[in-house]
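The chain below stands alone and is given in structure tokens; this is the form predicted on its own.
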């Protein structure tokens, strides 16, 4: 289970984040940076969800509730003024920690169930949160929405701070995922995912590790929600607590490879641009939803475990077959040696 940091892994991560960082510097159309903001946002959301749904095997369908809570917490904090515009980003860790602590009793209750029942409990929490967002008008503004003060950024580079904030959150989510995968926490979560009853039997602190994964995942999603609220500037319950956001982060993790480090990122960089392309091409007739679903369906039919695990399995089988063929050839060569050659 323990994974060491490899040179290839460092190079891969360095190249990936370096490319993301230099995109605004190289210039380009405004729509490209806007698309990248939402692509990186979903990559961060999916990687955060993967801490619970992938590593622990608990498929939460209500994580967008924490996204909405983080968005409203940010809006309530900065509804009047944001100062120089950059200081609100420093409040994001506070929001993440607060929402993570808030999620502990929710996780403790919901994670007393498993599998399908857990998914139902979490999606119920989603709709409860959405209903509260509509009805607690003195706090959330209800259907009228809640606003965030506009930052005094330069119009020419207005999107840059939000984009880089999303990149930082993605890097943190991936860093936590990598740490979990090479630590005792990750080993415990893997044991829970394989067989929770046996995990109890071998002495794993099941409740503790599940709550850690739940709280960290919820806190990360809340911070992404805060940046989203700051970028959008005005939030409504139907968008801040939108079930489609949960569906998106789950599908992207499954598409790229649930429980892997790069799977959620790969899934996000495939599905978000595809969704935008199909929305522009078929948006007027709503056919883009069918096209969007078809992309996911085709890949999952041919790569049922997700892109990265399926490719890894195929490469492993090919290496095993090649190794077997080489051993057969060596055995055949040894059998072909005649007694005369041995005497010689």
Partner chain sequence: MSAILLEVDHLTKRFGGVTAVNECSFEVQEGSITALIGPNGSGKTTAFNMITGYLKADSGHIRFRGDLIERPRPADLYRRGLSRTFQQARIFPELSVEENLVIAAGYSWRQLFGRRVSRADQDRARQILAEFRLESLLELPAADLSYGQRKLLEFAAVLMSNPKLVLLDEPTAGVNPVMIDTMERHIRERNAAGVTFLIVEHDMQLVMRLCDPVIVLDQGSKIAFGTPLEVQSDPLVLEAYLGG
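Only a predicted model underlies this, so the values are computations on that prediction, with no experimental measurement involved. Residue numbers count along the first chain shown, from 1.
One more form of this protein exists, namely the form predicted in complex with its partner chain; it is left out here, but the text below deals with it.
Q: Specify the contacting stretch among 269 to 277, 92 to 100, 208 to 216, 78 to 86, defined as having any heavy atom within 4.5 Å of its partner chain in the predicted complex.
A: Of the options, only 208 to 216 has residues within 4.5 Å of the partner.
Q: Which of these residues, 204, 119, 106, 167, gets a heavy atom within 4.5 Å of its partner chain in the predicted complex?
A: For this set of options, the contacting one is 204.
Q: Work out which of 185, 174, 148, 126 lies within 4.5 Å of its partner chain in the predicted complex, going by heavy atoms.
A: By the 4.5 Å heavy-atom cutoff, the listed residue in contact is 185.
Q: Does any part of residue 316 reach within 4.5 Å of its partner chain in the predicted complex? Heavy atoms only, please.
A: Residue 316: contacts its partner chain in the predicted complex.
Q: Report whether the minimum heavy atom distance between residue 154 and its partner chain in the predicted complex is within 4.5 Å.
A: The answer is no: residue 154 has no heavy atom within 4.5 Å of its partner chain.
Q: Decide whether residue 194 counts as a contact residue for its partner chain in the predicted complex under a heavy atom distance cut-off of 4.5 Å.
A: Answer yes; at least one heavy atom of residue 194 falls within 4.5 Å of its partner chain in the predicted complex.
Q: My question is simply whether residue 111 lines the interface with its partner chain in the predicted complex - judged by any non-hydrogen atom within 4.5 Å.
A: Close contact is absent here: in the predicted complex, residue 111 is far from its partner chain, nothing within 4.5 Å, heavy atoms only.
Q: Between 156 to 170 and its partner chain in the predicted complex, list the residues on our side with a heavy atom within 4.5 Å.
A: The stretch 156 to 170, when checked against its partner chain in the predicted complex, contributes no residue at the 4.5 Å heavy-atom cut-off.
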